[in-house]
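Just the one chain here, laid out as structure tokens, in the form predicted on its own.
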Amino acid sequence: MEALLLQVLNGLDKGGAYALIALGLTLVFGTLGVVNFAHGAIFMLGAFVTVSVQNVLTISMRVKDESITFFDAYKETPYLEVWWGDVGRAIIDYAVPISILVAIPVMLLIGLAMERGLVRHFYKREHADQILVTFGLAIVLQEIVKANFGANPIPVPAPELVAGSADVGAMFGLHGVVYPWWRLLYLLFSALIIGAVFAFLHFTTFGMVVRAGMHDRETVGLLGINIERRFTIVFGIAAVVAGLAGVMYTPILPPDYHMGMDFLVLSFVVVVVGGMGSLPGAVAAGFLLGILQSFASMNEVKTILPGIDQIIIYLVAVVILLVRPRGLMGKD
């Protein structure tokens, strides 16, 4: 039971990341009809917003090391720590939460610029053209990040307050089942963001108009509503969702320049399995495939079926699409 609980938590953890990226992909496809293969790169850019914030907060100066008295020695100390002492150290420690506040406007601007500068010119083009141009954009963004931050992963620590593990087994009457606090926070964060997106689309006038435009753009336009402008904002919101997913994932997986591609392929499979254009389907498929992948990575399973953890998502996708060609919640 302990092992099963850990695998479920691992699966929900991965599923949260898949669901957030897939949610943005589905938003863009459902509103604009665009297959955005640069969405994984937006996830990566969110992660590197965190890296950038950490780099800014830890800009250092040389100060004399008072612990060495025999000769003058110097050490690199962040300006914030020199100026504000413990308060400065606390600010540096909370680099990831601070990055959330920075990432929201930054990712919104990146999303709006991407839609206005490139994607809008491919609305009426074939999906193959959309895939090629957005995939090319993703490669360009990867190389820009690689040139500026290097090719190696960059560790970003979680705040010290949540750096340990929680005894989750105690809640279920089990012993010895601990799980990292930050992963639990990531799962909670994913649920909050998903809930916020659905609430925005279902309980606000803006969201209702967007959903109406997803079903019948021409009729909404005839009512005098500038649906194109609203769809542009939705593209920006999708970028914010993916960017925040990247920000929060940095303590779990040290960011590198190709992490976006790693998540994009799996997330696109999630979108297809859930049903192209179905927001509930993207979320459900994300958590479902995350849990299946987690169980497939167990040593007991890999002993019987070597390599199954690498292909389980694609096998499940094939089976589901054979039974339901439009995905779990796709419209017939």
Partner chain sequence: MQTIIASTRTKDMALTALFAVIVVTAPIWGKLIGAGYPDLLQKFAIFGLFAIGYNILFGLTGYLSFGHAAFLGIGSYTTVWSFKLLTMNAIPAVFFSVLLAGIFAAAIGFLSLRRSGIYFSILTLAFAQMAYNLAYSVLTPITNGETGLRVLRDDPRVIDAALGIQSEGSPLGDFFGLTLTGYNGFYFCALMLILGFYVSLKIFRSPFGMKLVAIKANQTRMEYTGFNPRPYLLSAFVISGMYAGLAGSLMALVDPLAGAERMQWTASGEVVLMTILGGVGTLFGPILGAAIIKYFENIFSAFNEQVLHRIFEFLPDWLADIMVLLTNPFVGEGWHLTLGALFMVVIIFVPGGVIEGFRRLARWSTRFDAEAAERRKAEAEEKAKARAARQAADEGGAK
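Numbering follows the first chain given and starts at 1. Note that the structure is predicted; figures quoted are calculated from it, not measured.
Here the subject shifts to the form predicted in complex with its partner chain, a form of this protein not shown in this document.
Taking non-hydrogen atoms only, Phe189 never approaches its partner chain to within 4.5 angstroms in the predicted complex. At least one heavy atom of Leu132 is located within 4.5 Å of its partner chain in the predicted complex.
Proximity of Val265 to its partner chain in the predicted complex: non-hydrogen atoms within 4.5 Å are present.
Contact annotation for Arg211: none of its heavy atoms lies within 4.5 Å of its partner chain in the predicted complex. Of the residues Ala166, Ala113, Ile233, Val140, just one reaches its partner chain in the predicted complex with a heavy atom at 4.5 Å or closer; this is Val140. Proximity to its partner chain in the predicted complex, taken as a non-hydrogen atom within 4.5 angstroms, holds for one residue of Met171, Leu161, Ala199, Ala128, which is Ala128. The candidate spot formed by Phe48, Leu80 and Met259 is out of contact with its partner chain in the predicted complex: none of the three has a heavy atom within 4.5 Å. Only one segment in the set 269 to 277, 52 to 60, 284 to 292, 39 to 47 has any non-hydrogen atom within 4.5 angstroms of its partner chain in the predicted complex, and it is 269 to 277.
Residues are counted as partner-facing when one of their heavy atoms sits within 4.5 Å of its partner chain in the predicted complex; in 292 to 311 these are Pro306, Gly307, Gln310, Ile311, in sequence order.
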